[in-house]
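Coming up is one lone chain in structure tokens, specifically the form predicted alone.
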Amino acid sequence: MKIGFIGLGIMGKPMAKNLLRAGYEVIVPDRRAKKNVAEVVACGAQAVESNMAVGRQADVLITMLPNSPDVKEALFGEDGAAKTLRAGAVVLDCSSINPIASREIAAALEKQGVDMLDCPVSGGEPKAVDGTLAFMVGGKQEVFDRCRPILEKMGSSVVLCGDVGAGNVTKLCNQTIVAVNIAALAEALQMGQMCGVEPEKIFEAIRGGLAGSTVMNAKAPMMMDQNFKPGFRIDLHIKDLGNVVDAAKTVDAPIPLTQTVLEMMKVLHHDGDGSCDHSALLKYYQKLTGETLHR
């Protein structure tokens, strides 16, 4: 089976590497991120000149791109891979995009006999590297059953959530929970330090209790070390929460916590911190208090 892969960024590069380790033949476009392309080629991938050339060879095409316009451009633009996909091929869009866009893309692909699953991921770069991502999938059961072994080479959790679009609805729920969790963690550690307790002791004491979480384990050490190297950038989380707002409006769902954290992230973006990891929500509190969190 030949797998085309478009989008070799922070997440896509290790995902493609894991497919190669699993023995799949992977084809990538030699267009952008030349260093990343060279890295996956060194691991065994085949580089071709364009997205269309990828589509021409792919039995399954994976896209891992920032937002809806990027996915549409990669598939249907001037160099769109969908133009050369054969009937019977499958597109696995692992991007985190608006569910409405997922349904539009799937409908366009269906007209040419191509199925699609929207299967966004959670876990950030560390889990992309070690192949333990969580996939939230939307699409037909039979297509899911056929493609599940591929997803399982990149993730440890692969769940079909419903029809096309359900994967990205679930991812929006995930991003809301992650964002609010990170903000609450930053708020609590900052307050605890200002009250005279070492943040590392707070973390050690509560991580095994009800407040403990994967988010806390991943982000508390980064906050205490002032390490905001991006695993998932503030700007990408702003994009996701913007999609949450759009989705919530369509069904009149109240999202006051999401709205608040989105505004906090926008402040960080305007302060020049948009490329930082979302653990940099701590900087919002440090700016207000003038106090830097430490171990």
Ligand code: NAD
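The structure presented is a predicted model; accordingly, all values stated were derived computationally and were not measured. For every residue, the number given is its place in the sequence shown, counted from 1.
The protein also exists as the form predicted together with nicotinamide-adenine-dinucleotide (NAD); that form is not presented, and the subsequent description refers to it.
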Check your understanding: Though nicotinamide-adenine-dinucleotide (NAD) is not shown, can you say which of E104, E125, D163, E187 has a heavy atom within 4.5 Å of it in the model of the complex?
Key -> E125
**Study point:** Answer option from L151, A74, V90, A179, heavy atom within 4.5 Å of nicotinamide-adenine-dinucleotide (NAD) in the model of the complex
**Key:** A74
Study note, to complete from the structure: Of 138-146, 92-100, 189-197, 209-217, the segment with heavy atoms within 4.5 Å of nicotinamide-adenine-dinucleotide (NAD) in the model of the complex is residues 92-100
Practice item. Spell out, yes or no, whether the shortest heavy atom distance between G242 and nicotinamide-adenine-dinucleotide (NAD) in the model of the complex is within 4.5 Å. Key: no
Check your understanding: Looking in the model of the complex, any heavy atom of M11 within 4.5 Å of nicotinamide-adenine-dinucleotide (NAD)?
Key -> yes
Review point. If you check in the model of the complex, is L236 within 4.5 Å of nicotinamide-adenine-dinucleotide (NAD), heavy atoms only?
Key: yes
Practice item. Please check if M64 has a heavy atom lying within 4.5 Å of any heavy atom of nicotinamide-adenine-dinucleotide (NAD) in the model of the complex. Key: yes
Review point. In sequence order, which positions of 169-185 have a non-hydrogen atom within 4.5 Å of nicotinamide-adenine-dinucleotide (NAD) in the model of the complex?
Key: K171
